[in-house]
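We begin with a single chain expressed as structure tokens, specifically the form predicted alone.
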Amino acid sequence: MGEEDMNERYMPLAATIVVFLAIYAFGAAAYNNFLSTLVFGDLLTDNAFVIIAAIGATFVILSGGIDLSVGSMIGFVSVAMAALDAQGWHPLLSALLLVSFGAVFGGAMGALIDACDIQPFILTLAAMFLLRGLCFVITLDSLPINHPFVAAFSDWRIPLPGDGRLSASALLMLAALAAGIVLAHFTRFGANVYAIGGDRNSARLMGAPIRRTMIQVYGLGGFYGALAGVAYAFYTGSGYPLAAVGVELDAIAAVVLGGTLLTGGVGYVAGTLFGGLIQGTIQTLITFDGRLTSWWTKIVIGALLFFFITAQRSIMRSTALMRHPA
């Protein structure tokens, strides 16, 4: 891969970082205390579970797939943890069980997608309805998680300069991010994911284990989705059957805003962090303003998504023309 190709691959990530810095700079200029460590720490905490889910979605999208079951997985895990808490389970034990379930469930989706040649959109849509239905089988109401460990987890903080603090949820998210970066960019598995997303036929001819990698990709996506559910349960201290409805779209938006191409093969896990923070920063700006409803977050994110997708398409077309002039 030439230096010009590398520069092109970094352009979406660079654009994401520039957009995030521009939005954050606007907030700092418009509102007092916006630049404080308190606001930044809360930004990481409030968006931790969405970013964790988006990290898993990054691998799926890099492979050329999609996963619509993430939001339902978060809701199911939170409800199951609350139900197990009522039975006397320790939250860490139930978290371990449910994260393992998420990995196995995701791996099963990957196996079916590859073995039966099913469109990921269709299969993961079915999984979304299945998991959401299981939430209502467990309970129709919100269930509290009363174990003292959950309260201790929520209250635990690392002080930052100023009045800020880094919560346990934020640290969990950063650890998940670091693990995702290592897997994507420093392992054979990551190389296979990029190869399959770039050109599946070429990857097959090069000897990449397509089926095994697809099982691993969706298993990893399920693992991160379940881990996001654990983070959500710890963050809210409860489980609710309608929790995280639509979060799968927020996760996909974070991936796209982070510079990963929906067609697969191009993107960086680190970009997903900034994509999630862009969404969180916009919501924080609206909260600081006080005059706008939260729906303006969706409007602004929709406009940004339109910009990013069209910009990515333009870059791909210009790159193709440079390589294969008419």
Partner chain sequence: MRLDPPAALQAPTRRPAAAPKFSEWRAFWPLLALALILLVDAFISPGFFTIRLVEGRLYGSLIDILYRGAPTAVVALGMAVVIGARGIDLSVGAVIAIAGAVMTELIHAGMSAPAVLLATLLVSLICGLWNGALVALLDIQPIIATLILMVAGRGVAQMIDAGTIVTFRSDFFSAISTGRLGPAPSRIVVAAAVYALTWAAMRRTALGLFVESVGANAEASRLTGIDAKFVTISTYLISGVAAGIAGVLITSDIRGSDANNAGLWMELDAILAVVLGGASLNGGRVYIFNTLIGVLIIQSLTTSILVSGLPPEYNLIVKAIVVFLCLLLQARPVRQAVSGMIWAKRT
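Bear in mind that the values here come from a model prediction, so they are computed numbers and not experimental data. Positions refer to the first chain, counted from 1.
As for the form predicted together with its partner chain, it is not shown, yet the points below apply to it.
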Candidate spot Asp117, Leu262 and Ile301, all three in 4.5 Å heavy atom range of its partner chain in the model of the complex? yes
Identify, from the list Phe149, Trp156, Phe121, Trp89, the residue with a heavy atom within 4.5 Å of its partner chain in the model of the complex. Phe121
Its partner chain in the model of the complex has a heavy atom of only one listed residue within 4.5 Å, and of Ala175, Leu96, Val245, Ala83 that residue is Val245
4.5 angstroms heavy atom contact with its partner chain in the model of the complex for Ile309: yes
Can any non-hydrogen atom of Arg132 be found within 4.5 angstroms of its partner chain in the model of the complex? yes
Please run the contact check for Leu171 against its partner chain in the model of the complex: heavy atoms, 4.5 angstroms, yes or no? no
Contact flag, Ala126 vs its partner chain in the model of the complex, heavy atom cut 4.5 Å: yes
With a 4.5 Å heavy atom cut-off to its partner chain in the model of the complex, the contacting stretch among 96 to 104, 224 to 232, 162 to 170, 137 to 145 is 137 to 145
Any residue of 86 to 109 with a heavy atom within 4.5 Å of its partner chain in the model of the complex counts; write them all down in order. none
